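Below sits a lone chain in structure tokens, taken as the form predicted on its own.
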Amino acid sequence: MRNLMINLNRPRRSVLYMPGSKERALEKAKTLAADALILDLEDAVAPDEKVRARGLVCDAVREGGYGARELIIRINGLDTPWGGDDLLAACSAGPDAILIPKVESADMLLNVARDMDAGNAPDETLIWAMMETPLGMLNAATIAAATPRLGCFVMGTNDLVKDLGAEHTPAREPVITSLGLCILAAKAHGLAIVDGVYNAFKDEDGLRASCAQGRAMGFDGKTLIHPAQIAACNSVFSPDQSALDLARRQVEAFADATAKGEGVAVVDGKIVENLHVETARRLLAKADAIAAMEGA
């Protein structure tokens, strides 16, 4: 099932968390090459700064100046003293999306969607769901189908590892099953999905390896904790030139074969069917979207 509210071609290679209580950080974000910004009211903000941060973030969204970057407000949990007010304020500000922490059920998102409608959130403001608990992993399929407002899963691997009593490993074996469940649910219901953070922000080789693994698994991009990680993520999650060249030749060869009444084409000695062409077209559309964003 395809969620028609979300543009899956929109670049989400690098999704950077920015602390909502830091005015300089919110301003600096306007100059960074991240595809999307999560203006954070939750983990990055101390309790005595929560209310002030809410005002700063919502004002920043209203004032704009972030170009083509996708803007997401991460609110505090709805079971905290700040979550309800965060949600209402975010609805009024009208970001591209509102990120809900620790989503564990479809009913939770249905309630959020109703509150957003009651709070007059713009139709274009989507829900993004933090997937970061064992129960959330087990309910990923029903969560993904909860509401048309849902646009993206965001993996919260740090909290997930903590709740599992597991360990962070280079190949992420302890959370591979969880990642796979969320990828399956997201793809089945037409959602975007971005990978969890890589904590060692000075380890570029490790970051690139984690990005490559995420890309191979089907993630659209990766969440980041530091601007220094943006370039590596953008590089790994961008189509390379050889793949784009092959995609163009596949599309052209299949079009020629179709014009001749043939159902398949051959490129570089390999059969090209309609399914290969669909993949090629998606790749080319993604490259076009990245070029448009970087040229904006």
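No experiment lies behind these values; they were computed from the predicted model shown. The numbering used is simple: start at 1 and walk along the sequence shown.
Heads up, the form predicted together with a small molecule isn't pictured, but that's what we're talking about next.
Asks: Tell me, which of Ala253, Val236, Val61, Ala44 has a heavy atom within 4.5 angstroms of the small molecule in the model of the complex?
Replies: Looking at Ala253, Val236, Val61, Ala44 one by one, just Ala44 meets the 4.5 Å heavy-atom criterion.
Asks: Should Arg114 be classed as touching the small molecule in the model of the complex when contacts are defined as heavy atoms within 4.5 Å?
Replies: No - in the model of the complex, heavy atoms of Arg114 and the small molecule never come within 4.5 Å of each other.
Asks: Should Lys28 be classed as touching the small molecule in the model of the complex when contacts are defined as heavy atoms within 4.5 Å?
Replies: Contact with the small molecule, yes.
Asks: Can any non-hydrogen atom of His226 be found within 4.5 angstroms of the small molecule in the model of the complex?
Replies: Yes, His226 lies within 4.5 Å of the small molecule in the model of the complex.
Asks: I'd like to know whether Lys22 contacts the small molecule in the model of the complex, with contact meaning heavy atoms within 4.5 angstroms.
Replies: Lys22: yes, in contact with the small molecule in the model of the complex.
Asks: If contact means any heavy atom within 4.5 Å, which of 178-186, 116-124, 134-142, 218-226 contacts the small molecule in the model of the complex?
Replies: Correct option: 218-226.
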